[in-house]
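Okay, so here's just one chain, in structure tokens, the form predicted on its own.
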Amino acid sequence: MSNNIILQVEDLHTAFFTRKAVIRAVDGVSFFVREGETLGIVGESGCGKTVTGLSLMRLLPEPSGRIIGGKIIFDGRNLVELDKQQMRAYRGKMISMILQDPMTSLNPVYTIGDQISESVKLHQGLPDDMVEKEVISALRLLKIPAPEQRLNDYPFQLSGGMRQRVVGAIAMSCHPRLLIADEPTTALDATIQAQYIALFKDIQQKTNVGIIFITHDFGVVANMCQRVAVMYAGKIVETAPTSVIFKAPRHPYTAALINSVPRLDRSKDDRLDSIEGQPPSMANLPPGCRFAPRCTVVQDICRKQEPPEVKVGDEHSVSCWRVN
């Protein structure tokens, strides 16, 4: 991993405009990703993780979804300012995304070879004989057995784990510098999940690609990520190196998420911790800290004022009144 920052997100705001309300799904998010580094974005369903990834790719559903503020600096250019045609030159070639469900990403009526070659033809402009070699190379990178035979297979002929690898092959076919993986292991069983994580590490070692790994599972974060950003109700509440956040989480929400992960060193009689209550409605957010209604150590100021971000260590920052 180098110190070369390839992506810098500054105060990103993404909203969905409906007839009844404006949903601020991403509300002032900032983070960075280095070359060859994996940043984990962790949080409950509905916290804005996936919308953050789609915002980086400029793939928000139009016309309701819009980036309304902030910057996405990739290789010195602000992607927010690019028009659709300029963005296509980045999407798939420089930045790729693996979506959560491979069956919604793959077209059932096209072969695997056709779907991977589409991206290669669009961004690399290679002749047909070279395109097939690139497609086979991408399948080999994802360790798909007998790649020459898989070219003519359809998605329904593959297992769920293999389909997820094919989606990964599409994402990596043009050798991007940044890969956004949106909960790619959620639909996989534990054994295949471990293999897939090992595969990501191997790919990163070979290509030095920067990875944003979106997940709700701190167990995956421990195995995959160098740094982690914890997201709640559209905001990042804590960012830290992974080793630090497991040893000394400073935000109550981070601590609660970590304590809810099963551990081998617990006795069979120990109950898993749970977080009481539900995340707030993004159309009707509470005043002050958004986690306050569920927090076990809430103070009066938490319900009145939103906490500022405070740096508490090397690359460790937290938004909580308890550390002010």
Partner chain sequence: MVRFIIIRLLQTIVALLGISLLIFLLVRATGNPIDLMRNPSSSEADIINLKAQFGFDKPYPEQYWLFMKGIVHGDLGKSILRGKPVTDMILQAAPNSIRLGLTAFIIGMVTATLLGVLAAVRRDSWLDNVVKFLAVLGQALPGFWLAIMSIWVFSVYWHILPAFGTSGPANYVLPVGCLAFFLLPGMMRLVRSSMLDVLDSEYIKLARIKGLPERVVIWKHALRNALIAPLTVAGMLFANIITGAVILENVFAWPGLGKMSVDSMIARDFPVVQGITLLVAALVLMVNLLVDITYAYVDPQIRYQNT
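Residue numbers count along the first chain shown, from 1. Please read these numbers as outputs of a predicted model, since none were measured by experiment.
Here the subject shifts to the form predicted in complex with its partner chain, a form of this protein not shown in this document.
- Between 203 to 211, 224 to 232, 240 to 248, 163 to 171, the stretch whose residues reach within 4.5 angstroms of its partner chain in the model of the complex through a non-hydrogen atom is 163 to 171.
- Between the options M130, L122, A146, A198, the residue in contact with its partner chain in the model of the complex by a heavy atom within 4.5 angstroms is L122.
- A residue is said to contact a partner when one of its heavy atoms sits within 4.5 Å of a partner heavy atom; L59 meets this definition for its partner chain in the model of the complex.
- Contact annotation: R88 falls within 4.5 Å of its partner chain in the model of the complex, judged by heavy atom distances.
- Heavy atoms of I73 never reach within 4.5 Å of its partner chain in the model of the complex, leaving it off the interface.
- Looking at G219, you'd find every heavy atom of it more than 4.5 angstroms from its partner chain in the model of the complex.
- Contact with its partner chain in the model of the complex, defined as a heavy atom within 4.5 Å, is made by all three of L54, G92 and F156.
- Within 4.5 angstroms of its partner chain in the model of the complex, the stretch 193 to 228 places no non-hydrogen atom at all.
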